[in-house]
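Before any questions on binding or motion, here is one chain by itself as structure tokens, the form predicted alone.
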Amino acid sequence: MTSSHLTRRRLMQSGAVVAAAAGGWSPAFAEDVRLRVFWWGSKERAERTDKVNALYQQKNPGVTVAGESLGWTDYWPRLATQSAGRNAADLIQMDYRYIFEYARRGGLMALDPFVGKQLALNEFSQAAVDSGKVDGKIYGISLGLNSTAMIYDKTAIEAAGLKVPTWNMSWQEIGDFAVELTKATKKKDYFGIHDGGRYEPALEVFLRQRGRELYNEEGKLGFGEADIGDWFALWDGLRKRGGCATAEVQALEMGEIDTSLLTLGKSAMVLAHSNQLVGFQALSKGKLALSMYPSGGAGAKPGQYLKPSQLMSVYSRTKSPEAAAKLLDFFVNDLEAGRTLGVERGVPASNAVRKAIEPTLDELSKSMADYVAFVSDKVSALPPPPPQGAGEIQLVLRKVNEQIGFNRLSVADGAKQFMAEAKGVLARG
């Protein structure tokens, strides 16, 4: 995925030069503006984003937009390297998890001076605007609204003679269902669900259902060793019952849609985000559908929340801040761009764009938009912002869960190790 995207970038840059020459102007003119856009995501997202970049060039002669794309796992190390080398892209796709860290380190530009000028936010709700604020200033603009979602292969489940999962099933019930599904399909190295123990968004939902938080307002862990121990035990038990993927099979999943066990045909259910349904379906033969994450059972609190699926930010050292803000505005407000992007990044935050694309949505995209509407009264407020180092803790979670899966750690020792390493990361700041 990575190499193909970089190849696409090179081709796109070459194509921009050819298009410029064909249009009768030279890309070497001093007044030309060159912008780079960097995002993570699937091939489906890359194709849609490339089209919007090309559309912007058509409507704005003299502006060249080069797209760069990587998968989630490779994206953040590359962004960190580019930022350290003072060579980040002008527009940076940003995640709620990282925006506080990048903004407070001076990596992002405050967008408030552009609002009402190059950047219009009058079609955004206050909550949508606030979702991109850090310490009272706007550092990111929401590209869409989504929530966590369990994506399942409806075709495979029904072919196994089972009914599809319902939105109010508990973790125990989904686990039992996954075990039954694995047995019913009778396929080698095929499981009811992937191993979600290493998936931080799932852990966060699990914790919030218990009244805990992943991180508290002070930037500390919002849970204890017993909580993470219960989480690891849930997945260790399911692994041993055959309901979720073995550690060997789970190792194939690299954090991207392309390598997801659902895409690879090795599981019927995965814990993901609602906007990813479009990308998953593009790579899957079976008909896919959405359900909520498992519930915490009777009396549990809501675990899910609505969040900006991604934000778009401007690099603090961009040489063309006004041009970058104008391109950002195009991404979130232009109706033609909105129709091109669809709901792949979530339901558009702009009311005008949302209304414009509704008649154009296919069945799949409409089901995703309907899901966001369905969960809207079943979610809780946004959690406190992740502290600096949260990204590294995500890797610790994956590592410890994997060691438990390979029987290199007991659940109890894994819980102790996770807490020690996570606290160490936070202490370093």
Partner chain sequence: MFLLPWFAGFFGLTLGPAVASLYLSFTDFDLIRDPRWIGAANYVRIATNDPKFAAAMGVTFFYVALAVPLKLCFALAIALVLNRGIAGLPIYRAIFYLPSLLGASVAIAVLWRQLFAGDGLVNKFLAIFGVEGSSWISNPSYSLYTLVALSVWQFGSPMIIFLAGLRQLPKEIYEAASIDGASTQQQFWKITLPMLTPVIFFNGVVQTIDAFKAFTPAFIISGGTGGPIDSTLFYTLYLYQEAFALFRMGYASALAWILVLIIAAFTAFAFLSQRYWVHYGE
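In this text, rigid core is short for the largest set of C-alphas that superpose within 1.5 Å between two forms. Positions refer to the first chain, counted from 1. Being a predicted model, the structure only gives us computed values, none of them experimental.
As for the form predicted together with the partner chain, it is not shown, yet the points below apply to it.
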*Determine whether any heavy atom of P387 comes within 4.5 Å of a heavy atom of the partner chain in the model of the complex, and answer yes or no.*
no
**Message:** Is D227 near the partner chain? Define near as a heavy atom within 4.5 Å, in the model of the complex.
**Reply:** no
Taking heavy atoms and a 4.5 Å cut-off, does Q57 contact the partner chain in the model of the complex?
no
Exercise for the section: Would you check, heavy atoms only and a 4.5 Å threshold, whether D334 touches the partner chain in the model of the complex? Expected result: no
- Message: Is it true that F124, T155 and K355, all three, sit within 4.5 Å of the partner chain in the model of the complex, judged by heavy atoms?
- Response: no
Within 4.5 Å of the partner chain in the model of the complex, heavy atom basis, the matching stretch of 97-105, 125-133, 174-182, 289-297 is 97-105
The listed residue (V115, A251, V164, A159) that reaches within 4.5 Å of the partner chain in the model of the complex by any heavy atom is A251
In this chain shown alone, the residue from D370, E392, E47, D32 with a heavy atom within 4.5 Å of the partner chain in the model of the complex is E392
Applying a 4.5 angstroms cut-off on non-hydrogen atoms, the residues of 186-211 near the partner chain in the model of the complex are K188
field: Threshold 2 Å Cα movement between this form and the one not shown at W167, rigid core reference
entry: no
- Core fit, then D74 C-alpha moves 2 Å or more between this form and the one not shown: yes
